[in-house]
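As a starting point, one isolated chain is supplied in structure tokens, in the form predicted alone.
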Amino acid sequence: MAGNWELFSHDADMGIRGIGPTFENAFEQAGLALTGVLIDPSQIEAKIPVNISCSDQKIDTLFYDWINELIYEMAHQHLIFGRFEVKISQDRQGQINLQGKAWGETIDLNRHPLAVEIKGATFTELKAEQNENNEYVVQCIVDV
């Protein structure tokens, strides 16, 4: 998978950013960044698949929805994810639809010493755009 992810600090919270050759890849990379707030994503075994669907009128708020759906699944199913797949399409009415999948495993605090708890994505520094290098970049601040 091409692309990369990174974290950036923001006051008491944490910024996540995904960068890739497509918005789909950037969303996937941002999923890794979300996990990276908690633990090194490479330590997660991709054993349990979870389907995630969301839709919105704008790509930036679709990204916000994607991150919050991941946080919801992590909290309610006690999972942590290390692999992501995203497909984005647009219907005739202009609605942008995301069909995604996240793979992970049940959180085991002996194996996964989590750094913080993520409460949710925020609209702070929310972006979904193509940069000057023709890379797609998605980002937001998550409340920790």
Partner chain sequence: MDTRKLRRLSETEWEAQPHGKMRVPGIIFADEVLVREMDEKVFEQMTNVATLPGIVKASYVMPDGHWGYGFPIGGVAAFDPDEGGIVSGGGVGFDISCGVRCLVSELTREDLEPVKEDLAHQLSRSIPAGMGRSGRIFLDFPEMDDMLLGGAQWAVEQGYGTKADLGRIEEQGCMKGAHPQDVSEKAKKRQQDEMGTLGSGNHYLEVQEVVEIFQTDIAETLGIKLGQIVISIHCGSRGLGHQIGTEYLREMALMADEYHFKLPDRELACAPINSPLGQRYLGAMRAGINCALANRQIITHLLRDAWERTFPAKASLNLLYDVSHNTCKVEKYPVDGKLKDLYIHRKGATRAFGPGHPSLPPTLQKTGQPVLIGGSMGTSSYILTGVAEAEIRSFNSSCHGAGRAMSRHQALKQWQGKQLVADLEEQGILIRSPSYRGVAEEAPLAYKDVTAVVNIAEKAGLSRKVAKLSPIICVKG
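Please read all numbers here as calculations on a predicted model, not as lab measurements. Numbering follows the first chain given and starts at 1.
One more form of this protein should be noted, the form predicted in complex with its partner chain, which is absent from this view; the next part is about it.
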| property | result |
| --- | --- |
| Interface segment, criterion being heavy atoms within 4.5 Å of its partner chain in the predicted bound form, picked from 24 to 32, 83 to 91, 52 to 60, 97 to 105 | 52 to 60 |
| Partner contact for E135 in the predicted bound form: its partner chain, 4.5 angstroms, heavy atom | no |
| Its partner chain contact at L38 in the predicted bound form, heavy atom, 4.5 Å | yes |
| A75, heavy atom within 4.5 angstroms of its partner chain in the predicted bound form | yes |
| is_contact(A46, its partner chain) in the predicted bound form, heavy atom dist at most 4.5 Å | no |
| Within 115 to 144, the residues that have a heavy atom no more than 4.5 Å from its partner chain in the predicted bound form | A115, V116, E117, I118, K119, G120, A121, T122, F123, T124, L126, I141, V142, D143, V144 |
